[in-house]
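Only one chain is given next, in structure tokens, and it is the form predicted on its own.
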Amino acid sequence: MKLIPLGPGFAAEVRGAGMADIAASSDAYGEVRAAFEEHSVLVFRQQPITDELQVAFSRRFGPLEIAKAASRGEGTPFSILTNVEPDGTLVPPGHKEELRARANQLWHTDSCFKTPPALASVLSGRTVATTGGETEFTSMRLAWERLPEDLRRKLDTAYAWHDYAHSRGKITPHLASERERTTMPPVSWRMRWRNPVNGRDALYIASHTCGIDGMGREEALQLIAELTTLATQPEHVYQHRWQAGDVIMWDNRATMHRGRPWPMDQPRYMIRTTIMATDADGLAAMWPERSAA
């Protein structure tokens, strides 16, 4: 297996080991798991993608989420990100899927609004746009390291609140349905996630982050916006331009990402599987009621 560096201090393309190899071989899985812990974002090119292979690959890394209420793929392991209707037509402007695509263009980490949150996401490009539609990533480990020391000390023991409805409300007030609000109430996580394999810390925030314990709402939102800006300066970002057959896996503990716009008269069909975090992934220290410090 060979790793080709891609991003500014993180992200790598994996060559010599594909999804099928990793699903079938403990040795291949071990190598890729080590690369995942180190590089945070892994790119696999020219994969023979099927639903079954994506699930088998993803399950190597942990238990899978079931897609959330009121989403395409609800009740299955698949989150379907598309502007294509089941009958093959494209969604019109203002359609809920078009609005959701806009919400995904905010900097975020997947499932921080869930219990448990996500360890990793695996996104496959089934139909990719010919222009636009890139996915951008930034390392929240490197962002943590760039923080002033006094701010790192402050955030080390701070807890933030994450709410799906908060991020969707940035697009339109009623994008999150009542069912989504009811099934996904706000949750609180520590703002510093330590990787138990290498001990590296990452700043844990997202577009879903709506408050910080001990701060007024406006003060907290201002700090979250400042931290996001610090983390996502262009020189710190890896932009992935999709090709058919691409699969990307990323560490939700240690990165933020966002989609980029594409011409909505072009079809785009992506499928994501999401791997839940466990205590073995450092989750034990993220719970307010379970953290020792």
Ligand code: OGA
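Source: prediction; values computed, not measured. Don't overthink the numbering: it's just position in the shown sequence, from 1.
The same protein has a further form, the form predicted together with this ligand, not shown here; the description that follows concerns it.
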{"query": "Distance check, Gly259 to this ligand in the model of the complex, heavy atom within 4.5 Å", "finding": "yes"}
{"query": "Contact flag, Asp201 vs this ligand in the model of the complex, heavy atom cut 4.5 Å", "finding": "no"}
{"query": "Proximity of Glu97 to this ligand in the model of the complex, heavy atoms at 4.5 Å", "finding": "no"}
{"query": "Residue contact check: Ala143 to this ligand in the model of the complex, 4.5 Å heavy atom", "finding": "no"}
{"query": "Among 132-140, 174-182, 151-159, 187-195, the region lying within 4.5 Å of this ligand in the model of the complex by heavy atom distance", "finding": "132-140"}
{"query": "Answer option from Tyr238, Phe57, Trp250, Phe44, heavy atom within 4.5 Å of this ligand in the model of the complex", "finding": "Trp250"}
{"query": "The single option of Ile212, Ala120, Ala206, Leu123 touching this ligand in the model of the complex, heavy atom within 4.5 Å", "finding": "Leu123"}
{"query": "Partner contacts in the model of the complex for 105-121 (non-hydrogen atom within 4.5 angstroms of this ligand)", "finding": "His108, Asp110"}
